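Consider the single chain below, provided in structure tokens and representing the form predicted alone.
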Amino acid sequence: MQEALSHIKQDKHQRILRIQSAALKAIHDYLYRQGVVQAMPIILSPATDPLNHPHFEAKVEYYGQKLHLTKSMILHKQLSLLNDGIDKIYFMSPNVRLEEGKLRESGRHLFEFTQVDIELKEKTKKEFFTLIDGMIAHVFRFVIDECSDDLKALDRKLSVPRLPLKVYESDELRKKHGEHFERVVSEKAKDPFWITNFRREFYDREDKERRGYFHNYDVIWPEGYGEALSGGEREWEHDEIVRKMKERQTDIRAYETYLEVAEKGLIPRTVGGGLGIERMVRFLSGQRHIRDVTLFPRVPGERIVF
């Protein structure tokens, strides 16, 4: 209890929260000017991101229906763009991912966090890159201008990234730096950068002409801070979605409604991604561990007091 109270009362939180507030304002203002509309997030759903890596399920039962706490809004983002009048959308989406306790020392994992989750209709990953490059630069510029005293007090020096952000291919980095290529390149980099082509969940588009190549990507923070954003161009064809679900041993029954929409050919071609707010604030404020930027940390494996 005393440790939790001491954490909340740390002087630096007022400065970190001002930086976070400035960054959030910059994101909202930028997306508004780009014509990206905001919708409210979904907390409970019959189906959510499967997360094909080890984790614990978080679900409740309500009037006989089993509902999952949202791990990401990927499916809802796609479905929201069924509306003919909406072609760009975003959510400030709370996510609950009950990750294994071994991730507690990564410095960047929370099991409860928020991301700005963006999706664009009939756009390519290149167009998404341009949007996100501009957003990141705008956030840096605004935070540097508005929070100079707070950055100075935290001994944090920031500079606006040079655009366009560099783009790397995962296979090339793996050959050059080995399996831990992301960490190696992040530690050496001065600006955020993109890495493309990862084998992940069923919803990221695989190239039909080049099987094993995926039109997805991450943004990586420099200075060793690691992943900032994850996203991709999305699968929209029913047979491709089902094929990839089976490959990944995903429970198809959990996605019956989503697959019905896909089978009717209604799911639009979209591209998008989610940028973690706490990870962004950790980088902007130069904090060692992500727990240091949250008043009520939710770190994998740690006991929760409040």
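Since the structure is predicted, the reported quantities are computational estimates derived from the model, not experimental observations. Counting begins at 1, following the sequence as shown.
FYI, the form predicted together with a small molecule isn't displayed, but the following is about it.
Novice: Looking at 125, 97, 76, 205 here, can you tell me which has any non-hydrogen atom within 4.5 angstroms of the small molecule in the predicted bound form?
Specialist: Comparing distances to the small molecule in the predicted bound form, the residue within 4.5 Å is 97.
Novice: Quick one: of 120, 110, 151, 131, which gets a non-hydrogen atom within 4.5 angstroms of the small molecule in the predicted bound form?
Specialist: Residue within 4.5 Å of the partner: 110.
Novice: 115, 227 and 290: each with a heavy atom within 4.5 Å of the small molecule in the predicted bound form?
Specialist: The answer is yes: all three residues contact the partner (heavy atom, 4.5 Å cut-off).
Novice: Of these, 83 to 91, 228 to 236, 141 to 149, 175 to 183, which stretch puts a heavy atom within 4.5 angstroms of the small molecule in the predicted bound form?
Specialist: Flagged stretch: 228 to 236.
Novice: Taking the small molecule as it sits in the predicted bound form, is residue 244 near enough to touch it, meaning that at least one heavy atom pair lies within 4.5 angstroms?
Specialist: Heavy-atom contact with the small molecule at 4.5 Å: absent for residue 244.
Novice: Even though the partner isn't displayed, in the predicted bound form is residue 274 close enough to the small molecule, meaning a heavy atom within 4.5 Å?
Specialist: Yes, contact at 4.5 Å.
Novice: Residue 68: heavy atom within 4.5 Å of the small molecule in the predicted bound form?
Specialist: No - in the predicted bound form, heavy atoms of residue 68 and the small molecule never come within 4.5 Å of each other.
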